[in-house]
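One chain comes next, on its own, written out as structure tokens in the form predicted on its own.
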Amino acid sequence: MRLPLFAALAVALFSGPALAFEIEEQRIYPADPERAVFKIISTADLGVFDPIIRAFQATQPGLTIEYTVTGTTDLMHAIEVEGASFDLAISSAMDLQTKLANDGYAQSYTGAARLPSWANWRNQVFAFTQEPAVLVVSDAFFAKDDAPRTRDALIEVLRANPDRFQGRVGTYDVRTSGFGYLMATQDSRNSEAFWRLMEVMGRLDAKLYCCSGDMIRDVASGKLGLAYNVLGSYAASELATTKGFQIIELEDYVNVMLRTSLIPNTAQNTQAAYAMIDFLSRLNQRPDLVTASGLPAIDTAALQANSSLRPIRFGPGLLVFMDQLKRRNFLRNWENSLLQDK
């Protein structure tokens, strides 16, 4: 006897051994129960990626999609350690995605010809957005046009106003956030000001966060005066509906993360994965989806027009801080700066 659609999906999707990685959100987009389910694991919030999933599903009649949201480090653990079965992995942590591919956990796909060469690593890791890391400041702390515009200026403001900013500064906990670790390591390569900023924030009892959304909400409410290295796409999306904060792209430099996808070796529905990679590579042709999702598409002209934007490039440099010894040393220095007497 055929099970009802949702019962059949529950059996198909959730039977088998339990997985240890943390699932933050999960949604099934049902269609034809006779077709293989397309399983995506992603670090992009469901509210952000929902318009893209629905638009893609419209091009694939009958395709049921399971979308699972987890953290950047959990995503890597799911694929590398647990061997979880997913057809596509989407992450904001370029370094972790690159390491997965470099260590043999990704399948190749040679059909993504629409992407510029710098957005495709070894036909295994495919970029489809370019998203800046920004400073988000509260209107309760900064009048319009009064916010610092460089890291040196930010350090000066914080040093000059310790009482005002004590416990009111936020950033990522890079020990647990893959995206936060990526941004911090890139900062350390770009500027000596990074470590001075971390020490100042540490003296101010900086609050540490897992996620951009939490930081943005606390800045908007006035709980925080500012948050550093927030994912700009999430901040812009929140600003469309929430007031009380400003987004600052620092003028000395702006790290630009490329959100990427890869096909894990455990993938079963590779044809759907190929189709999704192709669909994402054409995101710059769908301004409606860019607006709806808040995810900026790959745009070479925009990068060329603004010299302060520094896209994080694929290559061996991304793997430097994945070395266990270098990671331990970096985290020790970070803890000495941020945690200090804690």
Partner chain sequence: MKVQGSIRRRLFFQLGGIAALLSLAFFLTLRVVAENTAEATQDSILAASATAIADSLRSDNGSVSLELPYSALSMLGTVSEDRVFYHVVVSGNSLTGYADLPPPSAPPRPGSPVFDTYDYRGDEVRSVSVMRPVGSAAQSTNVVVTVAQTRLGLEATSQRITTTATGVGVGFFLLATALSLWAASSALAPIDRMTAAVTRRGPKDLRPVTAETPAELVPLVDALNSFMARLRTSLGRSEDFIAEAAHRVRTPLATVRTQAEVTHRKLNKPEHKKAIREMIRAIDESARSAGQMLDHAMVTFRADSLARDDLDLVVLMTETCDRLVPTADLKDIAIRTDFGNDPIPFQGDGILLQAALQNILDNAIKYSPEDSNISATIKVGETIRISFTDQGRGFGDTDMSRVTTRYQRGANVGDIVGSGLGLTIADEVARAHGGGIEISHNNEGIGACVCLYLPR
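All values derive from a computational prediction rather than experimental measurement. Residue numbers count along the first chain shown, from 1.
Although it is not shown, the form predicted together with the partner chain is what the next lines describe.
- Proximity of residue 22 to the partner chain in the predicted complex: non-hydrogen atoms within 4.5 Å are absent; the residue sits far from the partner.
- By the criterion of a heavy atom within 4.5 Å, residue 233 is excluded from the residues contacting the partner chain in the predicted complex.
- Among heavy atoms of residue 120, some come within 4.5 Å of the partner chain in the predicted complex.
- In the predicted complex, the partner chain sits beyond 4.5 Å of every heavy atom of residue 159.
- Interface residue among 242, 166, 176, 102 relative to the partner chain in the predicted complex, by the heavy atom within 4.5 Å criterion: 102.
- Contact with the partner chain in the predicted complex, defined as a heavy atom within 4.5 Å, holds for exactly one of 317, 47, 30, 296, namely 317.
- Only one listed stretch (121-129, 209-217, 250-258, 87-95) carries heavy atoms within 4.5 Å of the partner chain in the predicted complex, and that stretch is 121-129.
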